[in-house]
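In structure tokens, the next block holds one chain alone, the form predicted on its own.
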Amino acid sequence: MPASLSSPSASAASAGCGASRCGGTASQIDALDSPLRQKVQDHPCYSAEAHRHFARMHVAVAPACNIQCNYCNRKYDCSNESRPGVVSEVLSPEQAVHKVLAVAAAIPQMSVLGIAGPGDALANAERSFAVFDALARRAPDLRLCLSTNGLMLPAYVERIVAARIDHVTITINCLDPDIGARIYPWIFWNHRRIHGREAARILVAQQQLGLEMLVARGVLVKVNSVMIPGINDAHLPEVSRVVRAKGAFLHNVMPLISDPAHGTAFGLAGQRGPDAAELAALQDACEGGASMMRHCQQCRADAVGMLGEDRGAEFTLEKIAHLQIDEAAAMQRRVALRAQINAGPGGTGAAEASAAVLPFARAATPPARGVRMAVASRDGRHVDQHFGHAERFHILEVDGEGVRWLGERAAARYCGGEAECGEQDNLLARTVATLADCEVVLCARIGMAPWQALESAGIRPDGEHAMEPVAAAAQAVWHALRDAGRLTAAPFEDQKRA
């Protein structure tokens, strides 16, 4: 294993995570006390650095909701959309547990299992806790999280603690009931529907009490707030100040998503969302003395994989129905990989690009063949280098069981300025020959001449995954080739000889 893959720089930038309490960069993690550091160092939603190395999964077992938000419509579903409340299939608790075990076997970087909807986890408490209780027994290495609007939170704090759920996200959009009445048309409370300001007053009180109770029991709390221009944007700095004073570990201000096509009340009424500059300015105004989250991807309620990607389509109930899962071996692999990633300086040693993924989940049909890939990468972790600037390539073998690092190969850097133009053709030919046994080349950018030279040699150039983690990019390419039916033919070398 190369040093560049096993021990990346600890100075990787946090996505704007600002204060010493934040579970963000390596130095910020170092500043935390040991128990707190262990809670956040492999949680992609609580640490801006961890989201580069660890995967999460949400299971959609909570369809009902006990409040109505003007920015929410759970009926809309698009597999290509990342938006809270969106799911492709609602699972029973038993289905959810099987799916979690299958995903955690196939993606050993997975460290977190959360329930975030599509309704509210605590409005469906028995379904949610059935999943948490089963996974606490069968996959105790996974961190358990839930997201809630907070209405029923005080009633379930003790059960949350008993279930070893140590991360809870509460959506708190206001402290002022008059503002809340513009966001929430109604709540369902004590067996009746309550509207207007009184509904908002009850919701705000329950949210604040639940936050205080969780903090008192040592549960890490992240507060989500939706920025709604003209309604709560000027009020959110006060929300941030209050929730931080009460012990919230992280505050995440998200932009309103208000596309009319989604059918939300705000979308249909023409309520606009903030632009990027407005959102950044509000996050800056809220930041101070504690941490702001700026790497949120506003995930679907059935999201699977690294933040910023969604591999849920690979793990539908139909596709995982016949998987045979060695749960003990899968957990052993996850624990070992997690320790390896966290072994670097400040707990950010990333090995995700080189980890060999063993066959813990086995399909009834033979997997498609493997693909050898070359990757242009400066840091060994991300696809971050121009093809023409590469002086070495990382060589990987990728198949349905994972990604294996095979070594490095020196290459002749052919893109060196006009003074070397006369040599460029020869240098390019030498580089292509060096990669002759590879089927795919991943790079951040590539010019037309090398693209054509690689294609002529039967090598597929790919510049679509710039700055992505190497393992995630390589697996995405392999899955795309498989789904296109290109991996059922003879091995690549046999094709070339033919």
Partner chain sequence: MALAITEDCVRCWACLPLCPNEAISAGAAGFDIDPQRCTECVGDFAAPQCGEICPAEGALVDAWGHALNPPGSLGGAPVAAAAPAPGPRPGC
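Numbering follows the first chain given and starts at 1. Because the structure is a prediction, the values reported are computed rather than measured.
The following text describes the form predicted together with its partner chain, which does not appear among the structures shown.
Shown without its partner, this chain lists 181, 325, 163, 279 as candidates; in the predicted bound form, only 181 has a non-hydrogen atom within 4.5 angstroms of its partner chain. Think of it this way: in the predicted bound form, its partner chain has a heavy atom of just one of 215, 202, 427, 265 within 4.5 Å, and the residue is 265. Residue 459 falls outside the set of residues with a heavy atom inside 4.5 Å of its partner chain in the predicted bound form.
Shown alone here, residue 137 lies farther than 4.5 Å from its partner chain in the predicted bound form, counting heavy atoms only. Residue contact with its partner chain in the predicted bound form: residue 127 places a heavy atom within 4.5 Å of it. Not displayed here, its partner chain is kept clear of residue 208 by more than 4.5 Å at the level of heavy atoms in the predicted bound form. Contact with its partner chain in the predicted bound form, judged as any non-hydrogen atom within 4.5 angstroms, is confined among 65-73, 445-453, 428-436, 466-474 to 65-73. Of all the residues from 173-198, those having a non-hydrogen atom no more than 4.5 Å from its partner chain in the predicted bound form are 181, 182, 185, 186, 188, 191, 192, 193, 195.
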